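First comes one chain, alone, set out as structure tokens in the form predicted alone.
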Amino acid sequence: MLLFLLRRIGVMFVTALCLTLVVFYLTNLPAKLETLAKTQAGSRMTDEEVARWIDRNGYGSPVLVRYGEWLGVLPGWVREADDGTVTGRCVALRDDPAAAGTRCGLLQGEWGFSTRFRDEVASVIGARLGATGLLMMWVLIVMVPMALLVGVLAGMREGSRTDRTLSTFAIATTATPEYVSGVLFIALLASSTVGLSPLLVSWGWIDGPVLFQGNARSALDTITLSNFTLPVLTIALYGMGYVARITRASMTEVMTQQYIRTARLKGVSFANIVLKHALRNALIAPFTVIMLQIPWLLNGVVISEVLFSYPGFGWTLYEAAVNNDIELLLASSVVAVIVVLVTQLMSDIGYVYLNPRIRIS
């Protein structure tokens, strides 16, 4: 196991290095740098002024050199103006220019400065990642039990009416995009003029104008049933169908195995067959899918967070992309890559504990 972990960590390191290099190259294309220059210094800049701004702010070096500076393995760029003013990557990231070192990248804990939020990238990412973490936690709490229940009930008796009904429901949830289900939920449950809320108000069942809030920004201060239900339900329903379908297929396959038939012939009750013999083996494939939902939730909640005005990681990624915030985009890519690789490692380790027949060579 130890040798396996060391090999996987080595592969993860190389993979992260390659992916971040690709993202760094794409975010530092000449067109992107020109857009950044005109956004920061003025849209009416001439080509010569753009070139001077790019060189003055350290973007004129070769891509691999700037990538090394960003990682922190190469000294950061330094420029000295005619009046003696010294600027540079490390000077810009440190409050005290005299204490600025020569290297200031990821290895030194320096993530850069966000041009969109006018703050250090580490602070922006940390706050937004915590907000999305809360959203992910509640989505998984709702999604995973519901998906497993639907999948197991559908797969226990293949071809039955229950199987067809639950399978249709799972397909419908997966086939409905988040921006469609989110808008429908807002119209039906968070509107004071249409949907269910006006009817409940007229009956005197609710005190406020709406049953649920269509804006989740207040959840950053206090999470309530009113402001967090719709974003959680929107994301959970979309991811639930896929997990339920995988669970159903795995359960159906397990129920046709020879040891299940033997247990039936021995007179074991159907409930014990499902719970003691079939369920554990049927959860191996869904376990991988559930682990894959974690990086999907981290990066795939962009639509839901923007729709419900919830300033989490996805919303920040959207803001960084729209405003061409290169440093924030790079930091977000690093976080996303790390989450994907770590969840894959956890998935491989979990295989061994779910099925003792699986061994690591």
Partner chain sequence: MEPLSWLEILARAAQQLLPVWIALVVTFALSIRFKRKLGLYGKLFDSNVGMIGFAIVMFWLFTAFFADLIITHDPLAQVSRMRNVVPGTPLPRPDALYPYYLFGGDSLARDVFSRMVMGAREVLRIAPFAAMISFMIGISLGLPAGYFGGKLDTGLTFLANLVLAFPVILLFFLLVAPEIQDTLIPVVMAGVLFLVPILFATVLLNSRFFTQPAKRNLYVGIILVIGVWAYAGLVFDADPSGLWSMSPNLLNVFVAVVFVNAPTVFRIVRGITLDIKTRDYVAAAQTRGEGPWYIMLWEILPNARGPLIVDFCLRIGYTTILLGTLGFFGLGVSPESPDWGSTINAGRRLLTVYPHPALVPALSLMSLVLGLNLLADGLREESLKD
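Bear in mind that the values here come from a model prediction, so they are computed numbers and not experimental data. Positions refer to the first chain, counted from 1. We call the rigid core the largest set of C-alpha positions that still match within 1.5 Å between the two forms.
We do not show the form predicted in complex with its partner chain, though everything after this point is about it.
Visitor: What is the one choice in Thr252, Thr115, Thr174, Thr229 with a heavy atom within 4.5 Å of its partner chain in the model of the complex?
Guide: Checking each option against its partner chain in the model of the complex, the one that comes within 4.5 Å is Thr174.
Visitor: To verify the annotation, which of these, Tyr179, Phe270, Trp205, Tyr259, has a non-hydrogen atom within 4.5 Å of its partner chain in the model of the complex?
Guide: Selected residue: Tyr179.
Visitor: Please identify, from 72 to 80, 116 to 124, 184 to 192, 270 to 278, the stretch that has a heavy atom within 4.5 Å of its partner chain in the model of the complex.
Guide: Careful reading of the contacts points to 184 to 192.
Visitor: Would Val23 count as a contact of its partner chain in the model of the complex, using a 4.5 angstroms cut-off between non-hydrogen atoms?
Guide: Because a heavy atom of Val23 falls inside 4.5 Å of its partner chain in the model of the complex, the answer is yes.
Visitor: How about Val302 - does it come within 4.5 Å of its partner chain in the model of the complex, if we only consider non-hydrogen atoms?
Guide: Taking the distances in the model of the complex, the answer for Val302 is yes, it comes within 4.5 Å of its partner chain.
Visitor: Is it the case that Arg264, even though its partner is missing from this view, gets within 4.5 Å of its partner chain in the model of the complex, heavy atoms only?
Guide: No, Arg264 is distant from the partner.
Visitor: Please tell me whether any heavy atom belonging to Leu64 falls inside 4.5 Å of a heavy atom of its partner chain, as the geometry stands in the model of the complex.
Guide: Leu64: no, not in contact with its partner chain in the model of the complex.
Visitor: Using a 4.5 Å cut-off on heavy atoms, what residues in 268 to 294 are near its partner chain in the model of the complex?
Guide: The stretch 268 to 294, when checked against its partner chain in the model of the complex, contributes no residue at the 4.5 Å heavy-atom cut-off.
Visitor: Examine Thr252 after superposing the rigid core and state whether its CA is displaced by 2 Å or more between this form and the one not shown.
Guide: Yes, because once the rigid core is superposed, the C-alpha of Thr252 moves 2 Å or more between this form and the one not shown.
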